[in-house]
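A single chain, nothing else alongside it, follows as structure tokens in the form predicted on its own.
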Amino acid sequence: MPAYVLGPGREKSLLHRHPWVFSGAVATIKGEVTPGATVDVMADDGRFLGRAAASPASQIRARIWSFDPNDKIDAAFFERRVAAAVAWRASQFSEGNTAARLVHAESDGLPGIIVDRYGDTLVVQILSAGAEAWRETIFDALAGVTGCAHIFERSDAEVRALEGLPPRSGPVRGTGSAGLVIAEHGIRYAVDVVGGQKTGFYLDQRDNRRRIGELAGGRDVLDCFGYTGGFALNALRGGARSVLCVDSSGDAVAAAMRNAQSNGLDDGRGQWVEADVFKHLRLLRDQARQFDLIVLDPPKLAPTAAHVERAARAYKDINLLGCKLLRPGGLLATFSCSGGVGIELFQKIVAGAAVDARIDAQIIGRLGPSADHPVLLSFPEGDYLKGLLVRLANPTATGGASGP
């Protein structure tokens, strides 16, 4: 078998079961290595460290399939891994929840593979050269384990370019993709698996959407980056006095309005606005608008470490404006899904926004992904979604209308 031999001392992360091998760690290549090929990763003294998928075009030169030298990477291996990932998520489904993530890449021992289930449809992202090499085997394993009739591929994320892979999108099993409707905590959502963001829906925020619904009673709510209305609909069902949902996508806003109508929540309390959120927050500030509960759930602002500084400024901007729009005693639920922005930095950014807004604020809750998005302890990079629930603690503080 071809092998990557690491330089002296470069095996430490693998001994701690971290699943990535970076290009700078590889000292010698034994044999011919092609994209997606299975390779052994060896220490410089010849010790076996892991069996991996090679990606010669990527800075992540290899992703570990297994740390067990007895594991053979074949169809049976993928069937076992898929079956294990699917089995423990059975509890995620019920009459009120018909969607969940089934495979969460490295956290399920399947690097580069994301699988979301919407009813009887699976939506799959193949994001690495190793996963690409086994794509048909992976689809067969998913169909056999889940019994789902329809599998749709959404391998159109930009990260594929880093692996030297072109985008792919389309049905791979069955034909079902149009008119797809799921239930989450009893609320129905139409899911566009063909043209929607990611796989069509953001399943990682499931528990946080329910939490917002629990907090919304009698409050004026502002939902920023609202997409198809997940937080807004939960707030309306939770008894919010009013909900303003803002997103830059006209298609998403239209979908949110349809979702409100299909759930009987189009009763005049909701307002749906297509606008640049950064600009609209300033407009709301200039109008001296105030809210009791604000949700800030922006898209990924720092896809890599190189974007962190710019992303930090953007997070500071929206959180400062959010703080200025809060009524005394109001709540701010603020999120980052940027893997390059850790929780310590994110909390520092939000704290700086509160100081600049001249308010005293308390963290009353920490928010993260639902249980179907586990984080492997040896792979902290998988801990991408972090959130803070912040309360404006000083009842006399006001943010005013000055500032950015």
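What you are looking at is a predicted structure, and each value in this text was computed from that prediction instead of being measured. Residues carry their position along the shown sequence, with the first being 1.
The next section is about a form of this same protein that is not shown, the form predicted together with a small molecule.
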Testing 91-99, 133-141, 284-292, 230-238 against the small molecule in the model of the complex with a 4.5 Å heavy atom criterion leaves exactly one stretch, namely 230-238
Does the small molecule come within 4.5 Å of any heavy atom of Phe152 in the model of the complex? no
Any chance Ala275 has a heavy atom within 4.5 Å of the small molecule in the model of the complex? yes
Report yes if any heavy atom of Gly270 sits within 4.5 Å of a heavy atom of the small molecule in the model of the complex; otherwise report no. no
Is Pro299 a contact residue for the small molecule in the model of the complex, using a 4.5 Å heavy atom cut-off? yes
Listed residue that, although the small molecule is not shown, lies within 4.5 Å of it in the model of the complex (heavy atoms), from Thr146, Ser262, Ser248, Ser177: Ser248
Heavy atom within 4.5 Å of the small molecule in the model of the complex - the one residue of Arg117, Arg209, Arg219, Arg81 that qualifies: Arg209
